[in-house]
Every structure is written in structure tokens, then in C-alpha cells.
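Presented as C-alpha cells, the chain that follows is alone, the form predicted alone.
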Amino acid sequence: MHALAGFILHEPQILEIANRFQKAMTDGLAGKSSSLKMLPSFLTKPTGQEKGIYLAVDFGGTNVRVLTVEIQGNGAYRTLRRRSFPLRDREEGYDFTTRETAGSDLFRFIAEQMEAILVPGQTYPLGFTFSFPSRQTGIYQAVLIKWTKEIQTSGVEGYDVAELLQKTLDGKNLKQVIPRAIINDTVGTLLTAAYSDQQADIGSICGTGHNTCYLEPSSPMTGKPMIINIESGNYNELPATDYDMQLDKQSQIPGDQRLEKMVGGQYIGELTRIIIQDFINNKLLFASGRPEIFFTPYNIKAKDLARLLADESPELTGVSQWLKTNCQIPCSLLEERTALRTIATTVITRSIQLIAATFTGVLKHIDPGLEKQHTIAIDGSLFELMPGYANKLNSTLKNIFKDKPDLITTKLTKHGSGVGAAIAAAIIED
């Protein structure tokens, strides 16, 4: 399919992206112009011996989690209580993600969910995972630079989210909650993995959004090791197709988060829809009709791509069923079903290759000769649930570093952003 040629990356292109990404990292650390913000976390890795009971808030998208965690030492921990809730619910009649909603209402809602899992009389040091681009000036000061992931709540951008939460806690008289640390979800994922694996030095989210952090051997701020939040989703030196440009133009933040729009779960379904719509307009698919689902923005989700990729039957009966159930297309040709699966596979494969390129850039930065063992801790629905995603990412990295493939391990670190917030609070306590 000629229209998809721009999505196919060969190894020299992947390495070129990796080298440019590495330079953008270096420029960002030095305070030069760069699409990578290279934000300090003010944290290093845990020892694995931290202990205690902690409260964690994991706010990384339109679903938020609150949990209490017992950090047990020797790399062990367990979740005591957990509560997950959406920030918008049409059936319940609320939406805390719109411009019409005040930040104070958003944080009051989160605090109410926190309160519901607390044990009376127990004091809880708090770790707060806040997974949006923020400028940190201390371990518990983080000013939101800009919302991403289509959240637009007013009165938060440009403000210290730790202060906003503290005001809410004070207003509700929640004195048993003692804020300690605010982190990004990538930092939480790395902290969780490193609590039991000292070779973990890169953390990444491959889910709704995308971002990566790593342990900088010598922070420009301190000269000592510090975890740096790259904000890699904003990286923009990329070979974009016309389809990427169309998606970017119609998004709420045109020009920003260019890498995330090419790899993240929030966008890959929409990117696939835009491609399919173009194929239909050019009479390459469904010549007999105009299925409305492919002409409505964001009607195709990452979970739909997962269904297409999961079908390996000769007649693609799963794709046929998806077309009947989700697209109201009762009859389809095998060629059409094959084309749909090919489009989905192409979009997902490029997502994997671009993320592998950025990981390669990080590895070249921290270990130019690849002389040490590295664990890349990854959380997120794409890495965990998209058929073939984790295996292909792993094999792509091993192929890039074919001389020393056994020195790189990718590791699913589930719920790392939540547990990692508790570990961050434990590090500060120690």
C-alpha cells in the first residue's frame, strides 16, 4: 500500500532518530533549545529497604487511582486498599476535565476519593503521581506547564498542583495526610521496578500517553545521580506523514506532543481512522458505502486495533465480526479485511519502532559503549495488552544492539505509577 510507505522505518532511520533524540536530551539538560524538557525529579533510586504505610494518588489521565501501600523492605510491597474512578462520567452527570470546571472542584473530588480509603487514626505520608508536563522546583513543588491527554480543567495550568491539593486537604481537615513527594508516572514506574531490581534505570509509559524517564548519572543541578523526566512525548524531530499532520492539526494542542500523537493509545486509533477514511474517499475500501464510524473523529480506539491485530485466522473472521458489530458493515471482502488489519499493523509497528528509537537514544546517553545491564520498566495498556507489542519492542531493541542483546531487558511494571508514588514518599521519609 503506497499510501502507508511513510510509516515504514528501516534500521538506519531508527538509528538516526535515536541519535537526534540523544542530542535533544543533551541540549535539554544544558538549557539549550530542545523539544525535550528534561525535568528534574529531585529523586534518585530507592535502596529497596524503605518501609512503612503510605497513601498514593495516581493522576495520569481521565481515570485516577488512590491507594494505600505497605512498603515492606527487601524489595517487597503490597497494596492495602485501592479505589479507581473516572474524572468524567456521563451517567453520573459530571465531567471534571472541561474548561468550564474549576481546578478547585477537580481536586476536591480527588480528595473525597482519598478520604474514602483512609483508616481513622492512621497517619499517611502522601506520594502524588501527577503525569502532565510540570516544572518542578522541589520534591513537592510542581507547576503544571500545560494539560495534555485532552484535559482542559481551568485554573490549574501555571499553578503549583501540590499547593492546590494542599488547600483542598486543609479545607477538608484531612490532617492525617502528610504530603511528601510529587512525581511523574514514568518516575513512579522506574521507582517501583528499581525497588526490587537495581539494574532498572529507565522507566516508560506506553499506554494512553507516552513518556520516558531515566537515571541521569550526573545531574546538572547536583552533579549526582537524579531521575530525569524527559517528557519524550513532546519530541518533534520525526518523519511525519500527511496523516500525522492531519491528526495534529485537528487536535486540541496542534504542534505539541508530536511523538505522543504518533505512538500513544489516545491517538493511534484516530490515526488509523484517518487513514481508513482516506482509503474510503479514494475508493480503495468499502466502495459500496460510507461507514459513518470512519468519518467521526476518535470513534476508533486502541482497543479496536487490538481486536484487528488479534485475529490471525485465514479468513479474518474476527475482523469480519468487528465490522458487523462495531461498524454496521454486514458484508465485507477478504481483501478489505486484510487491508484493515494491514493498516492497524502498520500504525502499531511504527509506534513500536519510534519508542525503540527513543529508548536507544537514552541508552546511548547513559551507557555509550553498552557495558552494563539495563532494565527498562514499562507500564501501560499498549505494552501490556496490544497483541505482539511487547515482544516486538523487545526484539527491535535487541536487533539494534545485536552485538550485546542480552544486556537490555524490557519489563512490564504494572501499577508502577501508583506504587511508585508511595515509594517516593518512603524515600523522602528516609
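Numbering starts at 1 and runs along the sequence shown. None of these values were measured; they are calculated from a predicted model.
One more form of this protein should be noted, the form predicted together with a small molecule, which is absent from this view; the next part is about it.
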Exactly one of Glu336, Asp160, Asp311, Glu260 comes within 4.5 Å of the small molecule in the model of the complex through a heavy atom, and that residue is Glu260
(Q) Using a 4.5 angstroms cut-off on non-hydrogen atoms, would Pro133 count as touching the small molecule in the model of the complex? (A) yes
Please check if Asp185 has a heavy atom lying within 4.5 Å of any heavy atom of the small molecule in the model of the complex. yes
Although the small molecule is absent from this view, report whether Glu231 comes within 4.5 Å of it in the model of the complex, heavy atoms only. yes
**Prompt:** Does Lys149 make contact with the small molecule in the model of the complex, using a 4.5 Å heavy atom cut-off?
**Reply:** yes
For the small molecule in the model of the complex, the stretch among 69 to 77, 177 to 185, 290 to 298, 354 to 362 with residues bearing a heavy atom within 4.5 Å is 177 to 185
